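In structure tokens, one chain follows: the form predicted on its own.
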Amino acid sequence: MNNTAASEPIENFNRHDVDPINLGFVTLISIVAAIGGLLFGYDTAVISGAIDFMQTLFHLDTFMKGWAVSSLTVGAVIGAAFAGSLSDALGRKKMLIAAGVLFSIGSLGSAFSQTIELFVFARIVGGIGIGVSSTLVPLYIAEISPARFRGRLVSLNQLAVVIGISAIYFVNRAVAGAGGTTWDITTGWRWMFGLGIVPGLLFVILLFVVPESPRWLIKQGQSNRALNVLEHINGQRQAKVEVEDISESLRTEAGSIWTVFGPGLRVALLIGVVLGVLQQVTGINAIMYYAPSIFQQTGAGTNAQLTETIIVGVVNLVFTIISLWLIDKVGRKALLLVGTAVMAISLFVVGYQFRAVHPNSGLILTFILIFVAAFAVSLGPVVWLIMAEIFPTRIRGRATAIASVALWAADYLVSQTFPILLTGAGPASTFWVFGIMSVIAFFFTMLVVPETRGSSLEEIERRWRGTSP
């Protein structure tokens, strides 16, 4: 591909630039990688339309209903735990291909399961693939992206996640409407899962045409291959500068994962882990997994529940697109502060309405949509971006995996306990707990999280080590 196609004007170059950035080429690579995010969104949200039918078919109590939903996250924890070390050893690209294969197996296995035990096993297999892709897709895109565009390019992953979520809401609604209630209970929900094979195979096939991460290649001593990739992105002269910067960074790094617990970098690990946990315990996936069940609490019928769930998905998609425009202009920290503040207010209002004798269903839907919109421009894309940015190249895979494991463990906690909290403590108290978590996220961001906008990955690393201003 020609290096001048889809390039930026010369006045926008940073201090190292001498050739135009081939933004079209790197965007195309990022879009292919971000299909892994689409799988993530599809697989995490498909359960929302199927779980009530499965509950009837398999006679699930509240605990088993939560286990059927949260089993995916158990697999994701396993996948995230091994994704970093395996990708550091084998490469980002090979592990993303493996993730697509596991997702496809999990989709078909879920669709053909005749018992809840087989379904849970298939969901865990698919979840391993989701854990791998959710860890490595943002990391891979961050490693191939020019600093000035890294925020929006990495956020393509989150856009793909919400496209997957929105798409499956439409799929669920269409499948549920294709037959009667009996058909939905025996067969319909199986189609919801089985159709996941389409994006799964597409992801695997397209990955064969994208390059390996240049930073991983340099780490493996394959500087010539890395230079070739970087030349396609940044032009010949800037590519040579980047190879030198990355090589110098690798020479000054220790290779052990214990490096991240050392001075400076332990703060980076704290930020990655805490933001990952806060992204989940503020309640987004309780809404994504259980949206129909939540709207049922307001008195909505089955069709209304699925329609309102589609509205949630559309709002999530629209505001994620807005975040792509804002993230490299406004910065990571500002988006987190505004987003978490709005999330907290929205959740407290929703909780208050559920506490009322006659809850206002329109007001509940409105503030749930405001919450989803605020999440979509803040914690949704920014957390994955920061996790992909803040760790040194040599141990980035393993360190990102630690933060991802924490995120998925928190997701498991929320998805497993939400049905119990909803029927036990009640929706009001449940949403208030999520609101308190959003307040904690606001103050953690204000006091601890740095701004990384516009800095190269090597500059961010030197900053943590105190070797640059």
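Residue indices: 1-based, along the sequence shown. All figures in this text were calculated on a predicted structure; none of them were measured in a lab.
The same protein also exists as the form predicted in complex with a small molecule; that form is not shown, yet it is the one meant from here on.
When contacts are defined as a non-hydrogen atom within 4.5 Å, none of A50, Q55 and F193 contacts the small molecule in the model of the complex. Contact with the small molecule in the model of the complex, defined as a heavy atom within 4.5 Å, holds for exactly one of F391, F375, W189, Y169, namely F375. Out of the listed residues S323, N234, S87, Q279, Q279 is the one that sits within 4.5 Å of the small molecule in the model of the complex by at least one heavy atom.
Only one of 239-247, 159-167, 349-357, 88-96 lies within 4.5 Å of the small molecule in the model of the complex by heavy atoms, and it is 159-167. Remark: N285 counts among the residues lining the small molecule in the model of the complex, judged by a heavy atom distance of 4.5 Å or less. Within 4.5 Å of some heavy atom of the small molecule in the model of the complex lies at least one heavy atom of G380. At a distance threshold of 4.5 angstroms between non-hydrogen atoms, S107 is out of contact with the small molecule in the model of the complex. Not displayed here, the small molecule is kept clear of D43 by more than 4.5 Å at the level of heavy atoms in the model of the complex.
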